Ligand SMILES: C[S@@+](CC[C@H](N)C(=O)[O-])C[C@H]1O[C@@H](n2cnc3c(N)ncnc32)[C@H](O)[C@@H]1O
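Below, in structure tokens: the form predicted alone, a single chain.
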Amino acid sequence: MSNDKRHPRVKEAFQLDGDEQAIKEFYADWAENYDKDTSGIHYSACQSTYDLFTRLPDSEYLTVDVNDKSIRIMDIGCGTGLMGKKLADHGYSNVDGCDISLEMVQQADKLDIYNELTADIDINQPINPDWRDRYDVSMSVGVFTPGHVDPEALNQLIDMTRSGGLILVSTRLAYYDSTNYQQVSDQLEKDNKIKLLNVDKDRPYTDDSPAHYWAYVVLS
């Protein structure tokens, strides 16, 4: 008997191997049932990310007031809008979202909580120049997971975020263990592009796995 507790859709997602077209087709098919399926495996990444967001340590480098509900936030890989809804429920009113999947973005749009929503965004690729240094906070929740993006995609989050701004990232444990995420993170610190403010390790994510949650301040 298998002890694999992953939802069948999660198993499929692990096999996408970062293929842009395969990812789009997969989420086009899953979009309508995504919220129901993830609630069934107690997907708690948004809550864990929000917990980290609201208890950051003091830093001379961080110039974002996370208690200011008007700060400009980008929800990267917004999916159906679960993280955006969490922010909206706590009064944050200046949130944009982007995702690789048009169908997931269409689901998020029904919530009427995002200022701007953009589909067909693959953060493995360079960002739109208009987004450079645009956001006070960039969040990527449930995206750094097997079969989706490379750890080097952190560079795109840095590009979106202004100096002194904040980046929040979740890394599913299987992703962290199977990629060079830690090495990429360390190198970006050595290059003075970011500074790690805090990391919550082995915090709730889904029934089948914990995740690590990272908070960085952008230095340049």
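Sequential numbering from 1, following the sequence displayed. These numbers come from a predicted model, not from an experiment.
This protein has a second form, the form predicted in complex with the named molecule, left out of what is shown; the following refers to that one.
Visitor: Evaluate residue 197 for contact with the named molecule in the predicted bound form, applying a 4.5 angstroms cut-off between non-hydrogen atoms, and reply yes or no.
Guide: Output for residue 197 is no: heavy atoms all beyond 4.5 Å of the named molecule.
Visitor: If we define contact as a non-hydrogen atom of the residue within 4.5 angstroms of the partner, is residue 82 a contact of the named molecule in the predicted bound form?
Guide: Yes, residue 82 sits close enough to the named molecule in the predicted bound form that at least one of its heavy atoms falls within 4.5 Å.
Visitor: With a 4.5 Å heavy atom cut-off, would you call residue 124 a contact of the named molecule in the predicted bound form?
Guide: Output for residue 124 is yes: heavy atoms within 4.5 Å of the named molecule.
Visitor: Residue-level contact is defined here as any heavy atom of the residue lying within 4.5 Å of the named molecule in the predicted bound form; does residue 101 satisfy this criterion?
Guide: Flag for residue 101 set to yes.
Visitor: From the candidate stretches 26-34, 160-168, 186-194, 62-70, select the single one in contact with the named molecule in the predicted bound form, where contact means a heavy atom within 4.5 Å.
Guide: That would be stretch 26-34.
Visitor: Given that the named molecule is left out here, which of 137, 149, 108, 87 has a heavy atom within 4.5 Å of it in the predicted bound form?
Guide: Selected residue: 149.
Visitor: For the stretch 125-149, which residues lie within 4.5 Å of the named molecule in the predicted bound form by non-hydrogen atom distance?
Guide: Read in sequence order, the residues that approach the named molecule (within 4.5 Å, in the predicted bound form) are 141, 142, 143, 148, 149.
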